[in-house]
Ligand SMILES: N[C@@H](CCC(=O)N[C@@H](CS)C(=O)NCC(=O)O)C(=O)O
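Shown next as structure tokens: one chain only, the form predicted on its own.
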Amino acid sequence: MQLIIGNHNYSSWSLRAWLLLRQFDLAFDTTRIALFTPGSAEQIKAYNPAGKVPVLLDNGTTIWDSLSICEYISERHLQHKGWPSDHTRRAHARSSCAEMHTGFMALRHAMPMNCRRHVDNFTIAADVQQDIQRISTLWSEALSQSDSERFLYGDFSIADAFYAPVVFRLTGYGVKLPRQLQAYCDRILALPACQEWLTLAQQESEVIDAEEV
């Protein structure tokens, strides 16, 4: 498999697919395209006419969009282990990922992912606080269904990959969370795969002035 991604520092969409592959120790090659640089749009369109990353190439099959990629990985390479086996947990996990995929625009715009940046005394607007509260509710509901409370639905799943960029955001902008949810963020950040992503982000030099990539 070959995964086409954007900048480690900024591309939250890329992180989702990359983290799922890495966490499940699947073999793949990474092609990084520095976003918003001369020729980058054409490079991406050579893989995906929609002009977006990530893109997964797998034996002649092209999959684009982070949720579609994660679903494909689960079905094709994980025997559906990307989702919880229990149908109730699986329904909640899919719903929470769909909500993340299309929502939380206030948080996305006000707190873009930037792994190299740490903000002190960040002022949280009312609409951003509403997004944070909704995410906190989703996480609390998920963890209440988990036996181990290590990840959102027990074992690591697509849901954890999807919310990892939120973990990076909340941590980088110094958002205070209830103890249970902060402990969850700490566990995600401590994953070797997340530490690897952060290291790669630190090694990048590009600076992007964009709200959401």
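Quick note: we count residues from 1 along the sequence shown, nothing fancier. All values reported here derive from a predicted model rather than from experimental measurement.
In what follows, reference is made to the form predicted in complex with the ligand, a form of this protein that is not presented.
The partner is absent here; in the predicted complex, the one residue of His118, His109, His101, His80 having a heavy atom within 4.5 Å of the ligand is His101. Within 4.5 Å of any heavy atom of the ligand in the predicted complex lies no heavy atom of Asn9. Contact check for Arg150: every heavy atom lies farther than 4.5 Å from the ligand in the predicted complex. Residue contact check for Tyr47: none of its heavy atoms lie within 4.5 Å of the ligand in the predicted complex. In the predicted complex, Phe36 approaches the ligand with a heavy atom inside 4.5 Å. In plain terms, the part of the chain that comes close to the ligand in the predicted complex, with a heavy atom within 4.5 Å, is 58-66 out of 23-31, 150-158, 175-183, 58-66. Residues from 183-208 do not approach the ligand in the predicted complex: none has a non-hydrogen atom within 4.5 Å of it.
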